[in-house]
Each structure stands twice: as structure tokens, then as C-alpha cells.
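Below, in C-alpha cells: the form predicted alone, a single chain.
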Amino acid sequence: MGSEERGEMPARRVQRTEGRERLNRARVLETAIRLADEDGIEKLSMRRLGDELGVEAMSLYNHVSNKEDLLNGMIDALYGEIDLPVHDESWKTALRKRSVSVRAVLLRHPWANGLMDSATHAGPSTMRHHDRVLGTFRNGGFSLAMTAHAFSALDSYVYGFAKQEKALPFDSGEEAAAMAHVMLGQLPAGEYPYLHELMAKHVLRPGYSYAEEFAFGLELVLDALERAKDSTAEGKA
């Protein structure tokens, strides 16, 4: 008599049943994010996700409506990882901290860069984030129009820097130095004087880290937004 005839379930089916019983939307999204982090968003499929969770792909539709709903939920979960700006701080301090947090999220989940505002049905974390950022600008004295300009300019810098940073062929200062040494051998000073100077005197300086450029550029953006806000206010005076 087979195990199923004796009322016993094969180990594989028991495992899948247990996995299905424990399954919920939060676990589905968490697992999907982890798979996207590991393999890239392009390799994420409902079948791959189901295999990872130990269930049939069709079981996932009890928790997400479709692939689009899955992606929207993943994006909303990432917005939940961003530190929201605090309104009892100055707008520059609050948005500086928030921008640093956004960059950290994008470095942890590089597949999300370019998708963070693509959700067709934004979730509560996404809406809460956007509303808080808008409120930070408005409470900081920005006009409605200037708030729209400032939000766009700030995020263009943050997302753009994170994308460029992830595309670099090195991760650490030591790797940057090694790459610079290689490039110096391909950059005759007489032919490429400024590239040679940058590599030799800046990238190869002790303790160099490309990540330092983020803070510098962020301050330029924030200072420029402050000047734009003040000039707009003066024009209305």
C-alpha cells in the first residue's frame, strides 16, 4: 500500500502544504524582493517565486492579483524602508537625511532604480512618502510650483547618482585605486592631461571614495533650491 493510501503525504507535498498555510502577502513580497536583489528583476517570475516559497505559482494569486500587483507591492515595500523627513527639523536637514536614506535603499535594491515611480497603483507607503516630502518643502516656505520643481530636481540627482554609482566597475576605495592604476597606463599625460591628472592626483589619493561625491553634490542641490526659494519669495514681496 502506498504512502498516500495509508493516509500519509509525501514529504514534498507536506512541505508545500505547510508553506501554503504560512503564506501571506508580506512574505510573498519579501521573498520577491530578495530574489530581485539576488538575480535581478528581469529573472523574477511567478513560477520562480512559487518554487522559492514551496508552493505552486497559482497559490500566489491568493495574495497578489497578478505580476503588476506584485511589482507595485514590492515598490511600496521599498518606500517603507526610506526614512521619512521630520517636519520639526529644518527642511534642508530633513530632506538631506531622507535623500541619504533613498540612496541607501537604491544601493540595497539596484533593480528598483527607475521603477520607484512606475507603480500604476501606488501603495500606502509610497503615498505617505510623497506626501511627507511635499509637506516638508511646503512647510519650509516653498511655493506650490517651486515644491514641484524642487522635488523633481532633488530626486533626479539622488536617483541619477545611485545609478551611476552602481554602474562603476569598482565597489571599494581599494578597487578604485587598482582601476586608476590600470587606467593611468592607458592615459599618456601628454595626450589626456586632465584625465591623467584626475586619476593620479584625486582618485589615487589616500582614502578616496567615490561615495564622498554624493554628499558634495547633495549640498549643491539643496543650496540651489534654497536660493531659488528665497528669490521666489523676494519676487513676491
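Take the two forms, find the largest set of C-alpha atoms that superpose within 1.5 Å, and that set is the rigid core. Predicted, not measured: the structure shown is a model, and the values here were computed from it. From 1 onward, residues are counted along the sequence shown.
This next part talks about the form predicted together with a further copy of the same chain, which is not shown.
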a further copy of the same chain in the predicted complex: within 4.5 Å of a heavy atom of each of D117, R128 and Y157? yes
One residue of P206, P193, G40, G185 in contact with a further copy of the same chain, assessed in the predicted complex (non-hydrogen atom, 4.5 angstroms): P193
Closest heavy atom of M146 to a further copy of the same chain in the predicted complex, within 4.5 Å or not? yes
Mark G135 yes when one of its heavy atoms lies within 4.5 Å of a heavy atom of a further copy of the same chain in the predicted complex, and no otherwise. yes
Just checking whether L23 would be counted as a contact of a further copy of the same chain in the predicted complex - the rule being heavy atoms within 4.5 angstroms. no
Flag A177 as yes or no: does it have a non-hydrogen atom within 4.5 angstroms of any non-hydrogen atom of a further copy of the same chain in the predicted complex? no
Any residue of 38-76 with a heavy atom within 4.5 Å of a further copy of the same chain in the predicted complex counts; write them all down in order. none
Did S209 shift 2 Å or more between this form and the one not shown, C-alpha, core superposed: yes
Has the Cα of H196 moved 2 Å or more between this form and the one not shown, judged after a core fit? yes
Taking 2 Å as the cut-off, check whether the CA of N66 shifts that much or more between this form and the one not shown after a rigid core fit. no
